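In structure tokens, the next block holds one chain alone, the form predicted alone.
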């Protein structure tokens, strides 16, 4: 199973935010959209960063309530790890574990935003994969009787 199949299941909609938006605006969007991260983009296509709940907590811990008035650009992670649609679930599991990240934007060959995959999406995909494998093995065993 690969990223393309995950996006076919969940869709390619991505919650985004501008670099000059405030942390308060980003926090409200995280809450309202029910997501854990927003891709930071000036135009909906070019990825310049990602801001997660973790980034916001770190900013509040460092700057107190004034962090909410800061720009997203001042708290975002600017070195964004991305993946492509051909990447496998196993690759994403390794990437997310090694880099300790929970959200990976999907980019095309030109680096344009095409979706986002969360750790929950990866787990769900792996569970579906294991279920299908189990079902196939069970059918194979019953055919042999």
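In this text, all values refer to a predicted model and were calculated from it rather than measured experimentally. Residue numbers count along the first chain shown, from 1.
Omitted from view is the form predicted together with ligand AMP, to which the following refers.
Novice: Just checking whether residue 104 would be counted as a contact of ligand AMP in the predicted complex - the rule being heavy atoms within 4.5 angstroms.
Specialist: Yes, contact at 4.5 Å.
Novice: Taking any heavy atom pair closer than or equal to 4.5 Å as contact, tell me whether residue 81 reaches ligand AMP in the predicted complex.
Specialist: Yes.
Novice: So, in the predicted complex, is residue 55 in contact with ligand AMP at a 4.5 angstroms heavy atom limit?
Specialist: Yes.
Novice: Please determine whether residue 59 contacts ligand AMP in the predicted complex, using a 4.5 Å cut-off between heavy atoms.
Specialist: Residue-level check for residue 59: no, no contact with ligand AMP.
Novice: Quick check for you: of 27-35, 107-115, 73-81, 60-68, which stretch puts a non-hydrogen atom within 4.5 Å of ligand AMP in the predicted complex?
Specialist: It is 73-81 that comes within 4.5 Å of the partner.
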